[in-house]
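Just one chain follows, in the form predicted on its own, and it is written as structure tokens.
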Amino acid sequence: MVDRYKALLQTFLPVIVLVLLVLLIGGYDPTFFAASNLLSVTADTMTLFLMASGVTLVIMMGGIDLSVQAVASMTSCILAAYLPRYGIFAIPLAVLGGAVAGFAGGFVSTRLRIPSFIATLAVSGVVISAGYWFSDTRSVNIPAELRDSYLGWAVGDTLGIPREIWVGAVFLIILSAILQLTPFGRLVRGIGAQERAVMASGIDVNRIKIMAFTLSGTMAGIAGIVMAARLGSGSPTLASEFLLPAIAAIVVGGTAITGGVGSIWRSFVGALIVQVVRIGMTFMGVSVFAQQIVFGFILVAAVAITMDRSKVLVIK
């Protein structure tokens, strides 16, 4: 009975924390409860969620992807640089760039047997250089007429709701379905919980890992496209401040850094928590640089709470 209540608390604790934070900020500034403001906050959260959603799959396997912020920046550069030349085809080209980067991280990690944080950190350096090359080391503006023609699905409103929310909701449903209803999703959980048992059953674990890393890069690419659409430009440093909040969102949402436990909706709630905390600090006049310190503390605390220490007998 105790274990049941403990599991329920672990499942719904992020939602409880989110509600308490919203009430706290709303008590400090009642205008925060305005419907338009809540929609704006949710829309601002979507790029962070999109970036975190793909990494969730990698972390659920016990790995990590440190290249997502570089991938998002690079895809924004690809989109901005090639949209005038290729039109709508620049969008799948940018997404393909993200997928290739994710595949590279997974391939290096699995085939060369290098820890994922080293492999993706190395890929991040290559991707950053690629972003500078695509953008010619500068920010590339997207003409308003091209943004309206080809990126209207990511900006503006539909039925009074910002389209970023619709985009985030679509991928929340798709990725949740993949994780919950497909053999790939079950294997992701299995690898995170007991990788040796999955290997003993004859499953090609490396193939599943590469697929997860590829999906992580793809989602980072989509996040970069949405960011570029919102800002009207692509830049090799566009998402440089998003890595720590993205990882924090995943872990704060309840996905265990040691793998096996987690979901896409948890990362969505975690992203909302991070965004609300950011807004609260802004209201209190905390600088952007100090906010990174706060996110660092939040990440350490969340890992300490969610980490399954039975899987890590020795901390190095």
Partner chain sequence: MMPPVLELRGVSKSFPGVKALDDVSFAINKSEVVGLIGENGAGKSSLLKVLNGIYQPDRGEILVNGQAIRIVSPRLAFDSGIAMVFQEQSILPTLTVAENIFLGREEEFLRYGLISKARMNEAAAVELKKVRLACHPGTRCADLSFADRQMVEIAKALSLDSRIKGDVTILLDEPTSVVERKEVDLLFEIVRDLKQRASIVFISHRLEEVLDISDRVYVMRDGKVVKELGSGEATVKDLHQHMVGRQLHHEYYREARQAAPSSQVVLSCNGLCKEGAFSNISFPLHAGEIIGIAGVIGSGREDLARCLAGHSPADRGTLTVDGSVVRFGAPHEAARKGIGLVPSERKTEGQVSAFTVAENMTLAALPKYVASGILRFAAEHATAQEWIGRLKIKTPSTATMVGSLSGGNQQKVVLAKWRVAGVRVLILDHPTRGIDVGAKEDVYELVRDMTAEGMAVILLGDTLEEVIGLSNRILVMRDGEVTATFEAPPGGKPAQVDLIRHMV
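Given the structure is predicted, the values throughout are model-derived calculations rather than measurements. Residue numbers count along the first chain shown, from 1.
If you look for the form predicted in complex with its partner chain, you will not find it shown, but the lines that follow are about it.
Chemist: Evaluate residue 169 for contact with its partner chain in the model of the complex, applying a 4.5 angstroms cut-off between non-hydrogen atoms, and reply yes or no.
Modeler: No, residue 169 is distant from the partner.
Chemist: So in the model of the complex, is its partner chain close enough to residue 84 to count as touching (4.5 Å, heavy atoms)?
Modeler: So residue 84 does not count as contacting its partner chain.
Chemist: Within a 4.5 Å heavy atom cut-off, is residue 201 in contact with its partner chain in the model of the complex?
Modeler: Result yes; residue 201 sits at the interface with its partner chain in the model of the complex.
Chemist: Would you please decide whether residue 193 lies within 4.5 angstroms of its partner chain in the model of the complex, comparing each non-hydrogen atom pair?
Modeler: Judged by the heavy-atom cut-off of 4.5 Å, residue 193 is in contact with its partner chain in the model of the complex.
Chemist: Considering non-hydrogen atoms and a 4.5 Å limit, which listed residue (92, 183, 152, 143) is close to its partner chain in the model of the complex?
Modeler: Among 92, 183, 152, 143, a heavy atom within 4.5 Å of its partner chain in the model of the complex occurs only for 183.
Chemist: Pick from 163, 230, 147, 189: which residue has any heavy atom within 4.5 angstroms of its partner chain in the model of the complex?
Modeler: Among 163, 230, 147, 189, a heavy atom within 4.5 Å of its partner chain in the model of the complex occurs only for 189.
Chemist: Go through 193-201, 94-102, 219-227, 154-162 and give me the stretch that gets within 4.5 Å of its partner chain in the model of the complex, heavy atoms only.
Modeler: Among the listed stretches, the partner-contacting one is 193-201.
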